[in-house]
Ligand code: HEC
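The chain below stands alone and is given in structure tokens; this is the form predicted alone.
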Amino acid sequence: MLKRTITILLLVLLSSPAVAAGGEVELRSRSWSFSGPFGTYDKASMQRGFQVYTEVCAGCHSMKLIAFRNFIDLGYNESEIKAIASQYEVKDGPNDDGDMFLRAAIPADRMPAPYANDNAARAGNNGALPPDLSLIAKARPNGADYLYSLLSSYKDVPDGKDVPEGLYYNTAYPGHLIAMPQPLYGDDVSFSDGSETTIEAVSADLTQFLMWAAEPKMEARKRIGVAAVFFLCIFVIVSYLAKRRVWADVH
């Protein structure tokens, strides 16, 4: 029985991505505004992150679960949201002739994907399918630190390391070999508020936006949770005092 247990443990360890592919991942930690029970999203950072997504990521990655009207959470007003949506085209129809057609997007529409289908996406990316980013921040443990690390941890290939064509070296990715080319190099975008455009700063803004996309109701959930805990604390105190009064004459 002991021998069988040891064998199973060895198989699990050897089959894990990090070990099988050659090394542990190196995650970089950062202080996030949304961490902790009282954490909130940074709207200015999210707006910058949305800009990074549209200018750098949207050419390959979709966000099919996000509607333009959701951007009110980022601090945009209705006019700004309409203006953002109008920059995109979505397929609609059929019309009176039975044909599908393209039209300017409206706030109720979801963000259109950059490719017509998965096969077209693979064809445009050397066979690799770029994942949808709507829930990517929840796809792994420590999602925020993982995304931040992944975006900012592309390195030169170490001496003696063989990297197949079409793969890139990233110390935050299991196995250190990833099919996504380095997306950020620093100064990739220009922010109207004059914020930093280093790889680390831009990666942090994009991570903030992707965390909101994956959990847009986080702030409301935390407010309800804090209120519930406060109520329960008061209830416990009142219950204890009531119990003391009711049983005061019992020894």
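Sequential numbering from 1, following the sequence displayed. Everything numeric here is computed off the predicted structure, so don't read it as measured data.
Omitted from view is the form predicted together with the ligand, to which the following refers.
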Legend entry - Interface membership of residue 111, the ligand in the model of the complex, 4.5 Å heavy atom rule: no
Legend entry - Interface membership of residue 206, the ligand in the model of the complex, 4.5 Å heavy atom rule: yes
Inset, instruction - Although the ligand is absent from this view, report whether residue 178 comes within 4.5 Å of it in the model of the complex, heavy atoms only. - result: yes
Legend entry - in the model of the complex, residue 125 touching the ligand (heavy atom, 4.5 Å): yes
Legend entry - Complete contact of 57, 136 and 151 with the ligand in the model of the complex (any heavy atom, 4.5 Å): yes
Legend entry - in the model of the complex, the residue from 93, 131, 107, 75 that sits within 4.5 Å of the ligand by heavy atoms: 131
Legend entry - Sole residue of 140, 82, 155, 103 within 4.5 Å of the ligand in the model of the complex, by heavy atom: 140
Inset, instruction - Would you point out which of 58-66, 40-48, 25-33, 190-198 contains residues with a non-hydrogen atom within 4.5 Å of the ligand in the model of the complex? - result: 58-66
